[in-house]
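Only one chain comes next, encoded as structure tokens, the form predicted alone.
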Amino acid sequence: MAEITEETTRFLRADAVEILEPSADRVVPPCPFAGPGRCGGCDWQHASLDAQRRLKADVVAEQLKRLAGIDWKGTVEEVPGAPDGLGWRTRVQFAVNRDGVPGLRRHRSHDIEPIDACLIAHAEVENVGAEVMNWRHASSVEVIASSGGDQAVVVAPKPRRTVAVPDLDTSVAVFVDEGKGRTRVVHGRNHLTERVGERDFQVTGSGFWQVHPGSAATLLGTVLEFADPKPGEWALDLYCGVGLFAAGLAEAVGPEGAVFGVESESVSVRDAERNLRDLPQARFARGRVENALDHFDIERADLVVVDPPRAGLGREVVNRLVTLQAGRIVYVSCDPATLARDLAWFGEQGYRLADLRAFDGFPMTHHVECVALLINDPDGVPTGERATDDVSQAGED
């Protein structure tokens, strides 16, 4: 039995208020804070892990078919590091109520559900104990545990307020979020170390890094498999962050090749330059991808890797990338709807989807990570027949 809670011109939103006949895949949510009207962080805890991955595969397939005319019959693969779907999230941002009590937002609400533990949080995040401390005058508190063994707390004060940071273990770094991507160090180093294979990556403050401990290595391996970079090739890494994919590409193309990374966050650009200082064939520049290719007079590339935010590339960037005539484009996406939309636009201009893998980088939630390989095949069958800017319903689905 479902109660309609919202109606739009395209779909209805509802809450399940009674289960008349439970699915064989329905399980008791492991977290006591999960459920209707409760914490909105884990919206799929009531389904078994196998069922979650089947549902995510259905979502990916439906978006590809509806928005791009692509038939995909793949599966969503497990990411190593969280076999039970718990204890994986290495970065957790807690909201803080007016009394200084931390918690997580309720589903589709600004209301805060106080919690004393988070089951999907990594053990080293939980060891900080932020949930049982008082953070009066803070709007949020982010706790980070890096694969290199670092721990940090990032405090965002309310306007014109100062937060008295509770007593923490002396090894935990403390940053203050000053807004607009800037953080100020209160205690400890200003960066964390993430390790993938034999390489360490510096991430300053609360800069972007994959939250599942197995995601960085999994995505890097898949990107390199699809991109198949060869010595001497010229590669682009767009939305490059701190240089994860650029590192693998630069090692593969060698000193006779080149990798050019573009990232909008200046702090991440500096981190990338430091992280790959032993690979002079890799260079980085700050800029928005929408205009960076023209600004830096980039006219060609052998291969391109893109990892845009949830909004995807958009038609302007797709049209500009096509002019580079790259043989391979590898697209990393955290939103199957915007991915499908962009793939259809690529398909209109001669790029065909050659392969796609999907990964469960966010167990217990509806989110899914995809890596797609596009090849320049102007004489082949178009990738899809339909694209639309209206992907809001797809994102909700």
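This structure is a prediction, so every number in the text was calculated from the model and none was measured. Note that residue numbering begins at 1 and tracks the sequence as displayed.
Just so it is clear, the following notes concern the form predicted together with a small molecule, a form of the same protein that is not shown.
Visitor: Answer yes if any heavy atom of Phe284 is within 4.5 Å of a heavy atom of the small molecule in the predicted bound form; otherwise answer no.
Guide: Phe284: no contact with the small molecule in the predicted bound form.
Visitor: Are any of the heavy atoms in Asp150 no more than 4.5 Å from a heavy atom of the small molecule in the predicted bound form?
Guide: Looking in the predicted bound form, residue contacts with the small molecule do not include Asp150, since no heavy atom lies within 4.5 Å.
Visitor: Ala250 near the small molecule in the predicted bound form, any heavy atom under 4.5 Å?
Guide: Outside the cut-off, so no.
Visitor: Consider Val176 of the chain shown here, and say whether it contacts the small molecule in the predicted bound form, taking contact as heavy atoms within 4.5 Å.
Guide: No, Val176 sits far enough from the small molecule in the predicted bound form that none of its heavy atoms falls within 4.5 Å.
Visitor: Between Glu265, Glu124, Glu77, Asp302, only one gets a heavy atom within 4.5 angstroms of the small molecule in the predicted bound form; which residue is that?
Guide: Going through each option in turn, the one that passes is Glu265.
Visitor: So which of Pro308, Pro213, Pro157, Gly188 reaches within 4.5 angstroms of the small molecule in the predicted bound form, heavy atom to heavy atom?
Guide: It is Pro308 that has a heavy atom within 4.5 Å of the partner.
Visitor: Based on heavy atom distances of 4.5 Å or less, which listed stretch (204-212, 112-120, 320-328, 294-302) is in contact with the small molecule in the predicted bound form?
Guide: That would be stretch 204-212.
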